[in-house]
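Presented as structure tokens, the chain that follows is alone, the form predicted alone.
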């Protein structure tokens, strides 16, 4: 049994990736409830479970799909958590490599600024996904609770994969936190960390052919006897 479990776990972990093109097929509500219930089993400090998830579908996601790009075009940003997107050393190399692989899969030249901007703007359309989840933390929570939310989000995305769904975690979905809060009716004392688009993968989307590498174990993990 342990071999079967480990093999299943490895398959799910290796299969999970960021998908940037979805079909419009809606996921049944009961399936969503099962996945989100399982994600709630994620660990957290003192079992506080500090995450607040808002799952959007139907008219709600369509409203956001219309208004978020409009806000972007108007230069309207209101992030709750600072994000520079600037790295150095190996982190910068990985960032550039991931971008290069994505644009290559989409047939976009690095010099084609307009095409790159259009590709980025698709973040705010949820890449066509019929569902998304926005992940909030109470404003008095800190880094420890954000780490708990990260463990919850990873459990959630592994759950999507196990149930035959695809997903994409997106910092971009937090670029206009105030607009999102207003549309969803979220208390302003809750701050938006990021969002995840999810649904069934569009097998015909070129961006979904992108594959990125992972750092060698020796670069990130240290075993001390």
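Nothing here was measured: the structure is a model prediction, and the numbers come from that model. Residue numbers count along the first chain shown, from 1.
One more form of this protein exists, namely the form predicted together with a small molecule; it is left out here, but the text below deals with it.
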**Q.** Close approach of residue 98 to the small molecule in the predicted complex, 4.5 Å, heavy atom
**A.** yes
Q.
Can you work out whether residue 18 and the small molecule are in contact in the predicted complex, taking contact to mean some heavy atom pair no more than 4.5 Å apart?
A. yes
Q) Contact between residue 12 and the small molecule in the predicted complex at 4.5 Å, heavy atoms? A) no
Q | Partner proximity in the predicted complex: residue 127 to the small molecule, non-hydrogen atom cutoff 4.5 Å | A | yes
Q.
Heavy atoms within 4.5 Å of the small molecule in the predicted complex: which stretch in 168 to 176, 44 to 52, 182 to 190, 25 to 33 meets that?
A. 168 to 176
